[in-house]
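In the form predicted on its own, a lone chain appears below as C-alpha cells.
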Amino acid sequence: MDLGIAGRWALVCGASKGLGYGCASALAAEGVHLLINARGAVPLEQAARQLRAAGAQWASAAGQDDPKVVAIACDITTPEGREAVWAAGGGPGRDFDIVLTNAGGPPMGDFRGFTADDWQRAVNANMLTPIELIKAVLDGMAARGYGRILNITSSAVKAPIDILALSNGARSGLTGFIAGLARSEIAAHGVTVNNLLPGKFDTDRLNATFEGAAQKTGKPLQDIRRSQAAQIPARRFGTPAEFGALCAFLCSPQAGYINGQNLLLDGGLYPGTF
C-alpha cells in the first residue's frame, strides 16, 4: 500500500534505537523527511546514516530525490532541548505534518521509595514534554488541514504494573489529556492524536529488565527470556519493525478516521475484553 506520506516532514523523538528508531525507519521507507532526536550524539548519527540509506532506497524505487534526515542530539525534556529542535526545524512549530513523542520510561521500584523529585522528572518526561511538543505544532497542522500526532506510552496505561508506579501515573496523565484534545475542534481540521501502548518488545530496555531479574534471582538470562515470552499468546516479543509499520500507517491519510485511541500492541497479553 502506498501510504501517501512521501515528502511530508516528521519529528521523531527517541529515534536512535528501539521503538523510536523502528518508527523513524518505517517513515523513511515511505519517503518522509525526518528530524530525529535523542540525547546520545553517536548512536543518533549512526541511526541517521541508516535512515538515509532507507530513504535512498525508497527514492531509487520511486524515482524521487532522497528524503532529508536531520539529527539533533539534545534532551527534548528540557526547554533548551526543544529550542534546539525548533531552531533546526526553522522555528517553533515548523511545518511538521507528523510528530511522534517518545521518552524513556522512568525507573522501576516501590512507590514508597520515590521522592517528589522522582515524580516530577517522570511527569516532566512522560506527560509535560509531549504536551509542550504538541502545543508547538498543533495550530500549524490544523491550519494546513493535516496532522498526525502519536505518543508512545506503555501497556501499563491499560494494565498497570505495581513496580512501574512512576510510569503508571505520568503516562496515565498524558492519556487523559490526549482523550480530551483528540475530541476538540482539531479533529475537524484533519488532525488526529493517538497513543501507541507497547507491551514487551525486544529492545534494550526490555533486555535491561531481564538482566536485572537475572541478577536478582540468580536464574540464567535465557531462562527468564523464555519464561517471559511463554506468557504472551504470540509466544514471542514484538519487534521495532512491526511497531514502526503500525506507526507509519497511523500517519497516513488512510488512518484519518482513527482518532483519540489507545492502540495496544502486546501480542495478546492483555486478558480483558475492552
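For every residue, the number given is its place in the sequence shown, counted from 1. Please read these numbers as outputs of a predicted model, since none were measured by experiment.
Although it is not shown, the form predicted together with a small molecule is what the next lines describe.
K.L.:
Is the small molecule in the predicted complex close enough to S16, I76 and G105 that every residue in that trio has a heavy atom within 4.5 angstroms of it?
P.N.:
Affirmative, all three are within 4.5 Å.
K.L.:
Does R39 reach the small molecule in the predicted complex, with heavy atoms at most 4.5 Å apart?
P.N.:
R39 belongs to the contact set for the small molecule.
K.L.:
At the 4.5 Å heavy atom threshold, is L206 in contact with the small molecule in the predicted complex?
P.N.:
Taking the distances in the predicted complex, the answer for L206 is yes, it comes within 4.5 Å of the small molecule.
K.L.:
Can any non-hydrogen atom of I152 be found within 4.5 angstroms of the small molecule in the predicted complex?
P.N.:
So I152 counts as contacting the small molecule.
K.L.:
Within a 4.5 Å heavy atom cut-off, is R82 in contact with the small molecule in the predicted complex?
P.N.:
No - in the predicted complex, heavy atoms of R82 and the small molecule never come within 4.5 Å of each other.
K.L.:
Looking at heavy atoms inside 4.5 Å, which stretch does the small molecule contact in the predicted complex, given the options 172 to 180, 133 to 141, 108 to 116, 191 to 199?
P.N.:
Correct option: 191 to 199.
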